[in-house]
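Next up: just one chain, as C-alpha cells, the form predicted alone.
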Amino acid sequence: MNKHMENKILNKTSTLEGISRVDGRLKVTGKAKYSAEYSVKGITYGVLVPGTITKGSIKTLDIKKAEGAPGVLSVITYLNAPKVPGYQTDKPQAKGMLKIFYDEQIYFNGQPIALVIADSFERALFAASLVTATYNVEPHQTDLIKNRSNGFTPRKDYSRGEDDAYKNAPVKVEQEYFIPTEVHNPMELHAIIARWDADDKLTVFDKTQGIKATQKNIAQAFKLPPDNVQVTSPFVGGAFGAALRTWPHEIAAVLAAKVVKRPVKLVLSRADMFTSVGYRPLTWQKIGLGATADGKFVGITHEAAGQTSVYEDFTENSVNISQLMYASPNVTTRYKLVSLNVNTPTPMRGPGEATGAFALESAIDELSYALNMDPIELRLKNYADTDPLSGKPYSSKFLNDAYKLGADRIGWSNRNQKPGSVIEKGWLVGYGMGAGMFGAYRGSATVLARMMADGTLLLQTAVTDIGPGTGTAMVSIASDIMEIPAGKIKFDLGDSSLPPSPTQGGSSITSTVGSAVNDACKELQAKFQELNGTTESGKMDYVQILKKHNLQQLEVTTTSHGGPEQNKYAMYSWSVHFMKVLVHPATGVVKVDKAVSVADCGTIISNKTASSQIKGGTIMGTGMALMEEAVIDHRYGRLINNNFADYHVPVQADIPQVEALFVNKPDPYINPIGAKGMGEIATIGVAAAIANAVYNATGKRVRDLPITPDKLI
C-alpha cells in the first residue's frame, strides 16, 4: 500500500469515528455568543406585557405610571405604535401570523398588549408591572375535545382502495389516542437585539433557524431591501422548530428600536415561551386497524383533530404517516383543525409524524396482542418495499436491518408475550418498540470555498446551527475530500451576508449544505489540478501550488441542488426505537431502564455528533411519553404550568442508558455524500415504544399521554 492510500484510509477512518465538535471549546468556555449576549453601544431593554383575558378586546389601556417610572424610554401599544409597513393592506384581514400592536383585539391569554423599553432590564420589568388594562370580555373556547365537532377540514380526506376497510377484517382494533400540548422549551430563551443603522438599514442579532428567511421576513414587514437587513445568529441554544419563523416579538423589537432610536434587546421570559413561539398542538386521534388472521393488513383508518389558533391555520397532518409507513391495500385518513383561543402551534421535532406515530405504532402493538404475534414479525409482514403513496421505488430503505440491530441489542428475546409476567427486584419489566419515518430532503445551498496560502481552507454559507453540530459535519466532509486535517478548516455560518443557505429544519441541512460543501471542495480541487497541469485525482500540496503560481488564495463559489432523481425515487429516513421499562406495581412509577434507537439514514458523516442527535431525540421522546403536558384551565383559558417547576421535562435522573445505532448504508441517489436526515426520526416512534413497553410490563394500555403514575395504579 502506498503512503497516499494509507493516509487516505486513516483520514476516512478518523472522519467516520467523528472529530470533536469544531465549536465545542467555544461553547464550554462561554466564548460562543448567543443572540442576547452581544455588546451593542447604547443598548436598551424591552419587556412584553401580556394580556389577561382569553377573548375579547381592550377597552382601556393605562400606561402613564409605566411611562413615568425610572429609566423608561417608551411604552408601545396598539394606540401609539408606528404602523408596520408590511401590515398595511386595503384588503380584508386574512388569516396569518399575529400582527402585534395592530388593533385592540385579543385572541388568546398572554397575547402581548404592550412593550416597555427602559435603560435596564430591571427597570423595564418593573415598569411593565405598572401597565393596566380593562377589557370587553367575550366567551372563549380552549377545549379541543369539547369543540371537536366544530372542526373543519383543511384539505381533502385521503383514500386508497376501500374506505374504512378495516371494519371488515377478521381481526381488528379501534382505539382513540390523545397527545397534549407539548412545548419546545429549549435551553436558550428566544432573544433578539435590533439596531437601526440608518432609516433604511437594520442589524439584528436573533435566535433563528433560518438566517435568510428571517432577513426576508423582516425586510418584507418593514419594506426594506433584503440586503439592508443584516441578520447574525452563529449559535442557537436549541430550538426544535420554535425558531423556524419570524414571531411577533421579533417585529416588536425592530419597531421599538425605531421608536426609541436606540438598539433594543428583547428576551422572552420562560412564561412567554409558552405563548409566543408555538408548540406541538394538542391532538385527538383515532386508529382503526384490521388484519387477516396471519397478520396481513386489510386496512388502516387514521383520523385526527388538532388545535390551531383562531387567527391562523396551522396544519400538522399527523395522519400522513399512516399513508406511508406500511403496505396496506386500503388506507383512509381524515384530518381536522379546531380553531381555539390559543396561540398558533408550530412544527416541533418530528412534526406530524411524531404525533401520528404514537397512535399508529400503539395500534399496531395492540393488534399484535390480538393476533398473538411478535410486534416485529407483524411489522415485517407488512413491510413496504415500494412507496405505498406514490408507487415509486425507494432511493434506499434498510429498516429491516434496523429491526434486527435494535432487537439484538435490547435483548428482545427476553421479552415475554404475556403482559405483566416478568418481575425484577420487585419491578414489573416490559419491552416495547416503535418505528418511525420522515421525508429525506435536499434543497439548494451555495458555499464559498477558499484555500489560503497557509493551507487553511475557509468555507462560508449562511446556514445556522441549532445544536446538531452542523459546522462539525461540514468540516468532516471537507476534510475527507480535500485530504487535510480538520484543524486546518474553518467554517463560517450564521450570517446573512454569506452565500445563501436554507433554514435548518426538516432534517435537511446535512443533505443540502453537505452536498454543497462536497461540490465546492471538488470544484476547488479541479481548479488546483488545472493549475498543477494534471487531471489525476490524488493528494495535492495546495500551499506549494499557490506559491508556485504566486497566488495568495484560490476560491470557488458553488451552488448545489438535487436533480431529476428526486422525482424518480421516494426518499425517506427510517428509525426504530426499542425500550426496556420498569414499572413499580404499588406506585405506578415508570423508569426507562434501557433505550436502543436505530437509524437508517444513509451515510453517517460523524458518528460522534450523529449519536448525540439520536440520543437527544430519544430523550425528547421520553419526555413526550412520560411527563410533558401543558395544561390550560379552561374556565379562564390560561396555562397553569408555564414554568419549569410544573411543566416537567426529562432531567439527568430520568435518562436511562441510551444507545444509538446506525445501519450506515449510503443512499445512492439523494445526494453525492449518501447522507439523509436524522434529527426528526430520532424522536418519531419513541413515545409509542415506551407506551408499548409499559403495556408489556403491566397489561395496562395508556392511550392518553403522558403516562403518569395515576394512570397505572
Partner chain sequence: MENKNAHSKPESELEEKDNSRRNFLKQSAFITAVALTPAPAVKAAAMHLDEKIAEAFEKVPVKLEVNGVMHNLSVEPRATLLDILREQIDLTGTKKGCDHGQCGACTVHVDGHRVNSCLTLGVMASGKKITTIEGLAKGEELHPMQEAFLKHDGFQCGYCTPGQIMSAVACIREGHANSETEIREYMSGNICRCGAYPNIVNAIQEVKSGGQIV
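Note that the structure is a prediction, hence the values are computed from the model and not measured. Positions refer to the first chain, counted from 1.
The following text describes the form predicted in complex with the partner chain, which does not appear among the structures shown.
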| query | finding |
| --- | --- |
| Among 525-533, 570-578, 230-238, 194-202, the region lying within 4.5 Å of the partner chain in the model of the complex by heavy atom distance | 230-238 |
| Contact test in the model of the complex: Lys488 vs the partner chain, heavy atoms, 4.5 Å | no |
| Touches the partner chain in the model of the complex: Glu122 (any heavy atom, 4.5 Å) | yes |
| The partner chain contact at Gly411 in the model of the complex, heavy atom, 4.5 Å | no |
| Exercise: Arg270 in contact with the partner chain in the model of the complex, heavy atom 4.5 Å | yes |
| Contact residue in the model of the complex, chosen from Ala384, Leu337, Leu130, Met452 - any heavy atom within 4.5 Å of the partner chain | Leu130 |
| The single option of Ile605, Leu115, Leu144, Ile466 touching the partner chain in the model of the complex, heavy atom within 4.5 Å | Ile466 |
| Non-hydrogen atom within 4.5 angstroms of the partner chain in the model of the complex for each of His302, Met373 and Asn664 | no |
| Sequence-ordered residues of 602-630 touching the partner chain in the model of the complex, heavy atom within 4.5 Å | Lys608, Thr609, Ser612, Gln613, Lys615, Gly616, Ile619, Met620, Glu628 |
